[in-house]
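The chain below stands alone and is given in structure tokens; this is the form predicted alone.
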């Protein structure tokens, strides 16, 4: 692993308006190629932490470094270039509903200027892996929630991002496909992608054991699988 963290937060706090701090004095360092779960009760700050990681939000105070750069003062163009290296699976999918499943997944590759022949090959292979191969031409608005989830995951990983952030990526899929999606994340991680998955699925955490970023009382704790009872209680 690289000595330079791919994401680093120093004394980060975040609040909305004049409300109380959601996160206070958070310090977090994620090495390149690491894999973490993100857990915590509703309102603990999981979405806020993820939004800072994918550069949609800046901290109220403290420093956030991504790819070795302090992004607090980065301009819009710099942030846009950083975001191309980050894949995100949103809980509400954020797909282009009027486009096909194929076109949704192809979008990141087209933005990067890849030729259509290679795009077709990569997209079809990945959609087959997530079991959407028979619905590739279907307009996204006609797909089920579980199918949309799988399209969203395929779009997030298609360009093999440096960082993958996923908010409840198995929340809308059947129990039999959830492990298959996890194996996709694991294979991507083996290729060097840093992975953070926000989840409430205790079965996945127990089956595929990785360190957990657990949010509680406005702060965080890193829990490792070998921590025994403490790990089991998340």
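This one's a predicted model, so the numbers in the text were calculated from it and none came from an experiment. Residue numbers count along the first chain shown, from 1.
Although not depicted, the form predicted together with a small molecule is the subject of the following passage.
Although the partner is absent here, residue 180 sits far enough away that none of its heavy atoms falls within 4.5 Å of the small molecule in the predicted bound form. The small molecule is not shown here, and in the predicted bound form it never comes within 4.5 Å of any heavy atom of residue 213. Remark: residue 175 does not count among the residues lining the small molecule in the predicted bound form, judged by a heavy atom distance of 4.5 Å or less. For residue 201, no non-hydrogen atom is located within 4.5 Å of the small molecule in the predicted bound form, even though that partner is not displayed.
In summary, the region of this chain contacting the small molecule in the predicted bound form, judged by heavy atoms within 4.5 Å and restricted to 24-32, 204-212, 44-52, 184-192, corresponds to 44-52.
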